[in-house]
Every structure is written in structure tokens, then in C-alpha cells.
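Take a look at this single chain in C-alpha cells; it is the form predicted on its own.
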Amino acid sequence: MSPDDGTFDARLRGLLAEHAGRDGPLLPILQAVQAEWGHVPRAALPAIAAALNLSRAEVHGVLSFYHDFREAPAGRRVVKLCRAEACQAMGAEALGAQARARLGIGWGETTADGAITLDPVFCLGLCACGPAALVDGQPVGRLDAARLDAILAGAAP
């Protein structure tokens, strides 16, 4: 379901109705919208703002503050590389440079073919087995250059 398939407005109204009356509904609404469409489409912001009596700027501010919210669809594979201090001490910076060079994209970007999104993350809690990554939601510890290349080529983590 995409924002232009004709059912967008109806489904968005349904999601807003599901959260009506809740305390602090903005984050749960944004999470529900992202779960529905894989990102938070810009077209959803005015309706969310109106339903919550907020400005579009306030909604966009929350959307852009939290790194897990996406304003565009993610790639078929999402690779999140840890950039926290413990992983940095174990070579994460070189792995990040390797991934960006191989994919030809920067942090937070998706390859032109939609295959991979590369995101920075600041601590996965895998400090004892760094450098670490989260590949399609699956934690990967003790990441090295060869294993990263295999992941980027499509191999299972």
C-alpha cells in the first residue's frame, strides 16, 4: 500500500482513530504509520498534525529527531553499523568507510537499486563483541571486513 494507491487516506484515518484518546499518541501513531508503509510518507504529516492539534513543523520535528523513523522507504536489506566508542575501538570506523565505498552511498542512504540502506547506530549493546551491526533486525557481533562484504553482497548475517 503506497500513499498514491487510493486507500492511503482511509487507512491513515483508521490508524489515527485507533490512537484517538490516548495520552501522548504522536510516537505510537508515527510507529503505526511506518509499520504500515515502511516509512512515514510526507503526505501523512498534515493529517497527523490536524488530528493531534499540532503544527506540521511539530510533527516533522519529532519525525526527524528519532533516527528509526524514515521519510523514504528503506532498502530490501537494512544494515545498521554501530558507531559507538567500544565498536570504534575495534575497527568500526574502517568498516563504515568500507561499506560506504562499496555501496557508493553515505550514512542514512539507500542504494539506487533499493537493495541496501546503510544506517549508523550508536550502541547496540554488543560492546563485548564489537564491532557490531544489526542486519535486517538481526544482531551481528565480531564483524570483520570479509563478513561485512558477504553481508553487503546479500549473504545471510
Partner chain sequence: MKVWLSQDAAARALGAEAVAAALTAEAARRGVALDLVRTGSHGMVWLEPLVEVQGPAGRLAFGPMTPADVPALFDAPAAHPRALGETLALPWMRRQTRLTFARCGMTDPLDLGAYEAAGGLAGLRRALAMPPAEVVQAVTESGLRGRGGAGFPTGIKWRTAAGASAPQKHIVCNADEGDSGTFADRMLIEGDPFCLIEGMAIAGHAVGATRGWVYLRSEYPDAIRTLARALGIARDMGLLGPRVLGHGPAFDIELRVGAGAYVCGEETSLLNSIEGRRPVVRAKPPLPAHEGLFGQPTVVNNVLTLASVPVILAEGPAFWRDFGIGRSRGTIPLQIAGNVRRGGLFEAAFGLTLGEIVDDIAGGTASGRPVKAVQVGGPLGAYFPRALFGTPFGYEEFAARGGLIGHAGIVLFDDSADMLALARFAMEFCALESCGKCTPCRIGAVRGVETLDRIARGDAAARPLLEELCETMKFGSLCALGGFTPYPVTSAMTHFPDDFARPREAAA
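None of these values were measured; they are calculated from a predicted model. Residue numbers count along the first chain shown, from 1.
The following text describes the form predicted in complex with the partner chain, which does not appear among the structures shown.
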The stretch from 58 to 66, 95 to 103, 108 to 116, 37 to 45 that lies within 4.5 Å of the partner chain in the predicted complex, judged by heavy atoms, is 58 to 66
Q. Does Gly137 make contact with the partner chain in the predicted complex, using a 4.5 Å heavy atom cut-off?
A. yes
message = Contact with the partner chain in the predicted complex for Glu71, defined as at least one heavy atom pair within 4.5 Å: yes or no?
response = no
**Asked** Is there any non-hydrogen atom of Arg22 lying within 4.5 Å of the partner chain in the predicted complex?
**Response** yes
Close approach of Arg142 to the partner chain in the predicted complex, 4.5 Å, heavy atom:
yes
Checked 111 to 141 against the partner chain in the predicted complex; residues with a heavy atom within 4.5 Å, sequence order, are Val121, Phe122, Cys123, Leu124, Gly125, Leu126, Cys127, Ala128, Cys129, Leu134, Gly137, Gln138, Pro139, Val140, Gly141
